[in-house]
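Coming up, as structure tokens: structure 1 and structure 2, two forms of one and the same protein chain.
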Structure 1
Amino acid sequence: MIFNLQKKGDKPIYEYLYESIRNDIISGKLKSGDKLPSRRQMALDNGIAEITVANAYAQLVTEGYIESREKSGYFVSPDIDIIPETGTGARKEPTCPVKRYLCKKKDQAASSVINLSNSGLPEETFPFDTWSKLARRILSEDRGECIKAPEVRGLATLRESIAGYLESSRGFRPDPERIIVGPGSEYLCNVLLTLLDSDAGVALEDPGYRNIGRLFEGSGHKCFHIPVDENGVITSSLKGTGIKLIHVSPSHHFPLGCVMSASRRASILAWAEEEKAWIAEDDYDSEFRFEGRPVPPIASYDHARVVYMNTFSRTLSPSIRIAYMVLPEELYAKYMEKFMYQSGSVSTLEQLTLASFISDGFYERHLNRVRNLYKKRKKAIFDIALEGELSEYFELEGDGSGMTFILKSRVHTDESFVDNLRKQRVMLKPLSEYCFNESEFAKDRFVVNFGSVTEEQFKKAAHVMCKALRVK
């Protein structure tokens, strides 16, 4: 794909490239599902820097023209085969006319897309009325509190609510002083990284969180990817590596769903003790255990080496940027030394609202409601996956908790399968996208996020998936 850079005029190259591709999409030269050249290839073809291409692609992704699929590349979005808005008469050109138009179109199209790769929650679960009422009350009754700058580690009232919640739901009550509130797990992981020596190795599970992986890799620390089996992360790989921080999800591995076994827990704690390393325990999905006994977090039996982390993004909404971690004493001292003069990172009003939402019992009720909804939804979806047409083509893997499970295809699949689904507006991520290294195990396995799809949508998606495999 070669563009005539002579024509760019005064524009920066990235902007010219972005506009050229955008125009090709709008004119229909590039069609839904078409694959774009890799950033490297595009850079070579046009004799420009790869970062310039990356930038143009990023802009196109942001505006919804194209999509990025890890390890597969960039594709024209499925909901884009449309003609740009035309007006009559002359009028002032809006800043970004097509963007506005596409957004509208995307909203319409979004409802017809079945997204099995999205960890979001359905709109109807958010407690809009309660949230609004609490915020309003705080803005009218607690005016003095509302306008105070929040402490860097979070407001005392929120930290105390969180401690109380953990006591009743996770069986341990941390010292509220050592709870650190921040706008998301990534922010908190970043804070953790700054508390380590610069030569400390950092590690995470493979498969696991790609975004945390990127953050670790970009931090300048040596980064390790530790393989996972059905008992959790394989702790024997940790010895002698110089790793000083490992990010794990013992209660419900992301995205495999397995629970870290008791012996692995003992062994990872022994390792941490011996190496003076830290375990960042991400307890992200523990609220959605539908059957059996709750799995206690490692943090509930070790206070010295485990950083407990959780977030409200998964249970309330990803739009609420509030997560927290409980620091062991040694890290807490380092944190205070380094951060005590900084400003808070979450707005006072949202902290007060959430604190009141938790301590007035609304959070508990909300969780019960959502848990019941998901439990029913999961049962219905499992029935479809285990009994219907889908079971001819796929095996289901998962322990029945959390918001994800794995489907393993009984026949061989390649990239074209997921592309094919995408063209039919079913979004499904292969397990390989969560892997840091090539993995035999990941082949023919797919991760299903069922949080934001209804039973009917899943039924439809299942049908599309089966058809796509039959056609092959």
Structure 2
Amino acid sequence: MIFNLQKKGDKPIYEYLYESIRNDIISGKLKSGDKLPSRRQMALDNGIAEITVANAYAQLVTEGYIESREKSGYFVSPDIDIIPETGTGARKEPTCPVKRYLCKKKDQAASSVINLSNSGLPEETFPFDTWSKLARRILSEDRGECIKAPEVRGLATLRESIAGYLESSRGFRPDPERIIVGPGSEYLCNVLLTLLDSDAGVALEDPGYRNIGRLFEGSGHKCFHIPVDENGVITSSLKGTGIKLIHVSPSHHFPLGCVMSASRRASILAWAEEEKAWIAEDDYDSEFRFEGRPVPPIASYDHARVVYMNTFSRTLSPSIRIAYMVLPEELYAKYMEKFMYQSGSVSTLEQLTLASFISDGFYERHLNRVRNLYKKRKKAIFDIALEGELSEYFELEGDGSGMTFILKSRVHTDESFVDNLRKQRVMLKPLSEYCFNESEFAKDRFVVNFGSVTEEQFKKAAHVMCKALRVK
């Protein structure tokens, strides 16, 4: 296979090679099961370094377009027929019914609502091929394990994988025995609430997660809403309240995007120690810090009063209903006393697949790939917000991390603005919908989730927003 490297433009050679092979696969020029040249042969044919070919092939393997077979070489994936065709030119109608359905679904989605409030992830980010291969291998080799009822804490193999991941990525290694696996952050927060005395107060950041807020407010505990400023939750508001559990997102506040300052972190730890209270640290999007070093979690400073929580819904898919928390010893003892006779709440097969996905190194490679994708997408969207017509009407707030940011209108808005956007099929939530108490700060501010929005969709949404304000 010989490619015209003169067409690569400013792209690195490995990226151009990767895109060229991928396009040949998507277009049908390369078919399922076709063998690719060896890395050495591809390098010789195109006059490039073998490491360049290795990098291109590695990316194609990671995304599931090709597979490596031991002592045989590289082959186009046998599952390639379920990948919808893409491209800018005319497209033939796929013969495969599954492929035809996916293409139709994609075309419909492109012309439907632009949802800037959706925290979902685009279809192309999920590692379908790798995930399905791992699941098939487990179903073949670990059938006995697959049909067992999972332990209430989660499978030991998954808890070990999570502990190893936290050590390498977040700077602390918890005891796998005290890791609790559950079907989502809401479920785990509900478990935490049941471990408290009935008269214990609970608290949330304001603004913050509405779903967690509803859970806390409906738990029967007295619920407090603690205000947040640019340094994070205002810890002076905690004193004398009787609060025994507070839910916070210190590494990247949702939805404001601020990072809790070092002094506030020290203050909240001192408060928790003095009041014998618990800090539920939700590290929901720590994997998507695009610039600088990751912010260390509070759990890496102190384990005694901190419940560390995270989820795979943000990095893999909302349909992967697996989250986890690390309980301090005192709460772990209460948990085992109350829940030890129950069965686990997450599918055994999904737990085994995820454990293998992490321990075999696929999760780290997946994160690197999607982190680069979102970094490029965020830059493109920020450029539109800062340089296009949107900049006449809005200013952008946020530290550039995570999957959300704030747009502050330079023009006063009211409910009719959001209603007008909805009529134009653009969904946008005002910051006030994330507030538990009325806030002057929230006025004329809007929360943008960009994870499942393309650059082109955001351009269209920006035009609709500007037009709605001009009409006002």
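All residue numbers here follow the sequence of structure 1, with the first residue given the number 1. In this text, all values refer to a predicted model and were calculated from it rather than measured experimentally. C-alpha atoms forming the largest set that superposes within 1.5 Å between two forms make up the rigid core.
- Taken from the form predicted in complex with another copy of the chain, structure 1 is distinct in origin from structure 2.
- Fitting the two forms on the rigid core leaves the C-alpha of Tyr16 displaced by at least 2 angstroms between structures 1 and 2.
- Here Asp419 does not count as shifted, since its C-alpha moves by less than 2 Å between structures 1 and 2 after the core is aligned.
- Comparing the forms between structures 1 and 2, the C-alpha position of Arg39 differs by 2 angstroms or more, with the core used for superposition.
- Aligning the rigid core leaves the CA of Ser27 displaced by 43.8 Å between structures 1 and 2.
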